[in-house]
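Structure 1 and structure 2, given next as structure tokens, are two forms of the same protein chain, each shown alone.
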Structure 1
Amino acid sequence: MSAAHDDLTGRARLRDAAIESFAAHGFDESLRTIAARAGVSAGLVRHHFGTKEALRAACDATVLGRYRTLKTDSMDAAPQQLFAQLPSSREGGLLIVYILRSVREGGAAGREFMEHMIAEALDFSRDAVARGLVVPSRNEEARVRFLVQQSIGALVVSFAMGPELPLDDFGAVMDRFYAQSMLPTLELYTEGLFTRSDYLDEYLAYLAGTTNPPAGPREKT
């Protein structure tokens, strides 16, 4: 039940070892390696989970659950960045790396993590707009999806470029990333990029000409 890290039953130890292995070295990590990390035999994976896919699913569910818990436990505030105070603990860093790897790999789990983060960001964004801190968008959801996709994508790419992610003191890696991107982020968010609004105006005119009047545009699949 709890998220302690010591003498647990084999199933929990195996699951936690798999989460660490997956986060550290990717989802192709072999069952034998995972079992060795957990200090148990390889056959125990099959005994408890049946298949590797099922073990992976259990890891995904556990990570998502712990992520939710950590996020709601520390509702102090998240100024402008997702993953704000999360990587302070080793546990939080582990979760972030696992999630980023899931997104990078694609598949159902990555999609679920993305949708979860988009929903969070949408709440946050609406509140920020209501409080007058953020300019409104002509399509709030599209903007949030776009911003999350960009932010997470930048993290994914940045970490993919590095030689390897140190699972411990992941906070240092995160700090380095923010140190490199904080100034450009604030510049872009505060001052924009274009000196004139020609491009936007033209595109809005183009949109008005092709679809219904831009009151409440909605995605069309």
Structure 2
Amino acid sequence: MSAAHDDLTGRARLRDAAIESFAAHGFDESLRTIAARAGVSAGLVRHHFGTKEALRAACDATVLGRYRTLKTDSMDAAPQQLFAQLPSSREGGLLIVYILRSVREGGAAGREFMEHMIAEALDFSRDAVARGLVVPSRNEEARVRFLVQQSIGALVVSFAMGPELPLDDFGAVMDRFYAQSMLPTLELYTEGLFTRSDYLDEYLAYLAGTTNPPAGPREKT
């Protein structure tokens, strides 16, 4: 039992070192560098994961799991409690940078990671609607996909325009994310933007005359 526990602990330590390495320097980081960060030999990385692709898949799954926990905790916390914990979060910054790197890299792994993020967000959105926290959508999946893509796109632009901030300073990354996005996000999500529904009404009327109209009217809660 002790040997099995040590093996699991070593695997987790390597995985977490890889998450930090990939976030800090990108997915070209060598197994030798990852092993050095974890304080073990490169051969031990291959022993636990076999290939770099398998290590990356384990990291992706872990980041998605931690992102889900972060979102769940945020939804379950009262606003006062949530903003009392607002100062920099290294863990949150690490997740943001890892997600950013994955999407910017593109390729099959990046696309798969993005689709997993959208699926996770769709679960959260449906739960939030059921709990009365979020208004329902005429097309929940389309709304979620747009919001996730918009959020990631904003991150890409933000970091591209501010290269002076090193991405491996995860706490500072989280500070800037809060400072730049929290107020406008909450304002738009809470109060909306247009004062009248003219544009939406006209677009829905236009779609009603097409051969492929969207999902039916939004359900009332």
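Sequence positions of structure 1, starting at 1, serve as the residue numbers. Every value quoted in this text rests on a predicted model; they were computed, and no experiment measured them.
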Two copies of the same chain, shown separately. Which of them is the form predicted together with another copy of the chain?
1
Of 192, 106, 132, 157, which marks the hinge as one rigid part swings against the other between structure 1 and structure 2?
106
How far, in degrees, does the smaller rigid part turn against the larger one between structure 1 and structure 2?
28
